[in-house]
Each structure stands twice: as C-alpha cells, then as structure tokens.
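First, one chain by itself in structure tokens, the form predicted on its own.
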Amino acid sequence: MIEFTFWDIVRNLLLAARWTVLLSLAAFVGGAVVGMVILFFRIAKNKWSRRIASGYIALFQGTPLLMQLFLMFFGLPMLGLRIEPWTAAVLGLTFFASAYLAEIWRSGVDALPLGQWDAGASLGLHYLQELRLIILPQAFSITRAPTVGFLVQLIKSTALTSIIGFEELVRTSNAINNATFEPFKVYGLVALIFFVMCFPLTQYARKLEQRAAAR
C-alpha cells in the first residue's frame, strides 16, 4: 500500500478533473455542431432527409453509450484506424451528444406556431434565412433549460470513458484507490467533485425553466 496524504489525493483528483471538464466541453461543442447538422436534416422538407436524421437519433439514443465507446475504441482499429483513448472518448461522446441535442432543439422548433414560418415567408425570406433569423433563435431560447440539463448528463457520462483507458477523474480515482485501499475517502471525493461541477448547472437550468414558465 502506498502512503497518500489527504491533500495528495485531493490534488491528484483535481488534476484529473481538468480532463473531465475538457472532455465535457469538447464533446458538448462537437455535439452541438454535429447536432445542428442533424437538426437541419430532421426538419427538412425532404422526407428522406428526415428519415436519415430520425434513424441517426434512434441509433445513438437507443444503444448504450458504453457500447458506442467500445465500437470507437476497439472497432475502428479493426478497420485499420489507430485511435487513442482521448480521440475515442471525444468521438463517442460527440455522436452521443449530437443525437440528444438535435432532438432537444427539434422540439423547440416544433413548439413554434406555424405563423412564425408564414411571417418569414411574407417578408420574402428564403428557407435558410427563416431558420437563421426567426426559427432557430426562438427554438434555442425555448430549449436553453433542457440543453443545460443535458450538459449535466454529459459531464456525468464522461465517467464511462475510464473503461476505454482515458485518464479522467474516475480512472484516476480507481488508481488511487488501488494504491491506498481507502474507497470511501477516494470515491467520496470524486462524488463531491462531480457535485461541484454539476450542481451549479442544475440550478441554472432550474432558473431557466422558471423564467420560461413565467413568460
């Protein structure tokens, strides 16, 4: 057993938490970009575009995230693509996030009255201008709370990347626990760090919901 002081454990966990935050941000930004593309397909007038987007969303929402990470990390090398844990983690979480974000934002678009589309058409705006200037700003405003709520879920989902070897908070805590044999202390601190990261976002999402309900 290796001797770790309490502050040694805290310091190492906080250093690892940086990678959890970085992974969460990378996956959220990547998921937002890919999710926007999926959203355009999902609300397109062409039925085949809508079906492709619906199939994509169903695939990533209907399969476990862990299996998606396994396919990225163990499956892609079988196709000759060498991939590191960081890349597999970012790709897996990006595709996972994109499916949920696209569906969240699609619900915001569907919540708008058809008159918003008609108003854009009466101003002589073409389809993309209607989306950019009228539809999407309102849809994003409506769905801010669930978007922030999903970010909380994404942060907690990063823990699964420890299984494919990415050195984030949970994997580091496993290594420290194996060295110290103090699971209550180590995992208790991990839970506290996740709470500190997620609780402010949860409260922010709740305030956004309250503001939306008060309108």
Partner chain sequence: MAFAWLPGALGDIARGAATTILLIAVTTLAGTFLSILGAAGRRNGPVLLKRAIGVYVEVVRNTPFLVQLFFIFFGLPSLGIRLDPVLAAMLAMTLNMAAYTIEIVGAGLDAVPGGQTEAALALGLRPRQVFIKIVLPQALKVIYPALTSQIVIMMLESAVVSQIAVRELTYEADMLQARTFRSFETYLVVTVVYLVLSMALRRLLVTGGRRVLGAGVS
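Not measured: the values here are computed from a predicted model. Positions refer to the first chain, counted from 1.
There is another form of the same protein, the form predicted in complex with the partner chain; it is not shown, and what comes next is about it.
- Although the partner is absent here, Ser54 is not a contact residue: none of its heavy atoms lies within 4.5 angstroms of the partner chain in the model of the complex.
- In the model of the complex, the partner chain sits within 4.5 Å of a heavy atom of Ala191.
- At least one heavy atom of Met78 is located within 4.5 Å of the partner chain in the model of the complex.
- Although the partner is absent from this view, Ile163 contacts the partner chain in the model of the complex, with a non-hydrogen atom inside 4.5 angstroms.
- Remark: of stretches 124 to 132, 68 to 76, 140 to 148, 110 to 118, the one touching the partner chain in the model of the complex is 68 to 76 (heavy atom within 4.5 Å).
- Contact with the partner chain in the model of the complex, judged by any heavy atom within 4.5 Å, is made by just one of Met36, Val29, Ala44, Leu59: Leu59.
- Using a 4.5 Å cut-off on any heavy atom, the residues of 141 to 171 that reach the partner chain in the model of the complex are, in sequence order, Val152, Lys156, Ala159, Leu160, Ser162, Ile163, Val170.
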